[in-house]
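In the form predicted alone, a lone chain appears below as structure tokens.
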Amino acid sequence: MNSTILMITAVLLLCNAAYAQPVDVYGYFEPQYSGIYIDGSYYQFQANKLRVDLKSKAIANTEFGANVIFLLYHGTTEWNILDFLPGQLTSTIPPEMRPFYTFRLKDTLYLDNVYARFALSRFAVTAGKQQISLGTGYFANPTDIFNTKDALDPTYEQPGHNAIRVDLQALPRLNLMALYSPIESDFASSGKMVRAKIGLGHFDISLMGCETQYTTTDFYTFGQTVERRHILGADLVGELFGMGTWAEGIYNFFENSEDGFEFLIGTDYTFDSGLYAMIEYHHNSLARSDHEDYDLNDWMRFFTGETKTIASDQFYALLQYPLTDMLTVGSSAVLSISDMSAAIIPMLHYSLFHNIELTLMGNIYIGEEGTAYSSSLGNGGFIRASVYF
């Protein structure tokens, strides 16, 4: 409660400062209604999200930014992950252990980003909780160790991360970046990254190296294993034969576990009619190639974000068509090659006014029980309104 009061006080002080200082205040209100039909029952919940952004450039060469997010939940706010898993896995869990697999949607108030950025013509330093987005993929980003995308809604905004970042434009098409994320108790355990991005012809190519701490949870005992992870990665994006082309990949060197690699390739094209088409292929050697091998740890690590995929090989496809200047319809699909299951995601985006947008999105799972996109996971969708101010 005390932290909530302090947060509200900070927000009020920041907003009050906007009247005395050249501070930009903007944001959005986003109500979202979601429903899911599973095992003959229908569940619903609503989330009301308010985001307030503040940004100031009152000091020369310096930018201050912050945003506060309020989240309120209604309806079904308590879920047990075991209800979505195959019976042969959940039957081995003792009844007294079931509450440990429950998660609750709780009303929250938090600072998503708060940072200061000092910039000269070719040099910038950013410190604080900030947006860090790496990679060129749409459906997934192997090179992004900070964020895990939702396969059903991959473009939704990502959270901020605490870091100190240095950017240098060494040459017109050569940018260097160094990043330190002091989230652990000492320097050796914290995250460190260097990245170089160079433009060659019609392509931008990046090379990166990273050292970070890697944690895996045993969801049978809830014990955790911590080890060091070193990563070498690269990505590229550009145009080839009139089509957008991109790729990215990493190789993981683990301190104690087996090494592994992950990569993604994709292409897109916009037809004269306005139809937009995209396809991506994603491979993760650390995931399973046979759904018969999926165990409780695989599912739980996927749901909690410790791993990005449960299946080793996936295709992602997207089609979008602008019916009018204000209305876009389309659909995406994710196919797990490893177990031949799929998720179909029909979507509609409508701009009601210049500052109000409406999004409808569904999810239809097609697959046998135990597969990555099993129909037993439940079908449903959501309707989301975004009101910007």
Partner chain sequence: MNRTISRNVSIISLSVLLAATIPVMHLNAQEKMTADEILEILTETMNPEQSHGIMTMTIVTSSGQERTFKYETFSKDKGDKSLMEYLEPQRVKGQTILMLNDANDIWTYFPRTKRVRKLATHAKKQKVEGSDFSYEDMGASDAFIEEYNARRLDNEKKEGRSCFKLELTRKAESNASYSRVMLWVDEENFIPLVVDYYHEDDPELREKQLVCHDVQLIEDIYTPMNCTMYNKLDNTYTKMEIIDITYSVELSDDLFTEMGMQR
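No experiment lies behind these values; they were computed from the predicted model shown. Residue numbers count along the first chain shown, from 1.
The same protein also has a form predicted together with the partner chain, omitted here; what follows describes it.
- Segments offered: 270-278, 70-78, 257-265, 308-316. Contacting the partner chain in the predicted bound form at heavy atom distances within 4.5 Å is 270-278.
- Checking Gln169, Thr102, Thr92, Thr225 for any heavy atom within 4.5 Å of the partner chain in the predicted bound form turns up a single hit: Gln169.
- Only one of Thr304, Thr108, Ser133, Ser289 lies close to the partner chain in the predicted bound form, with a heavy atom inside 4.5 Å, and it is Ser133.
- Heavy atoms of no residue among Gly40, Phe139 and Tyr220 are located within 4.5 Å of the partner chain in the predicted bound form.
- In the predicted bound form, the partner chain stays beyond 4.5 Å of every heavy atom belonging to Phe253.
- A residue is said to contact a partner when one of its heavy atoms sits within 4.5 Å of a partner heavy atom; Thr212 fails this definition for the partner chain in the predicted bound form, lying far away.
- The shortest heavy atom separation between Asp298 and the partner chain in the predicted bound form exceeds 4.5 Å.
- Although the partner is absent here, Glu369 lies well away from the partner chain in the predicted bound form, with no heavy atom inside 4.5 Å.
- Contacts between stretch 352-367 and the partner chain, counted in the predicted bound form as any heavy atom lying within 4.5 Å, involve Leu352, Phe353, His354, Asn355, Glu357, listed in sequence order.
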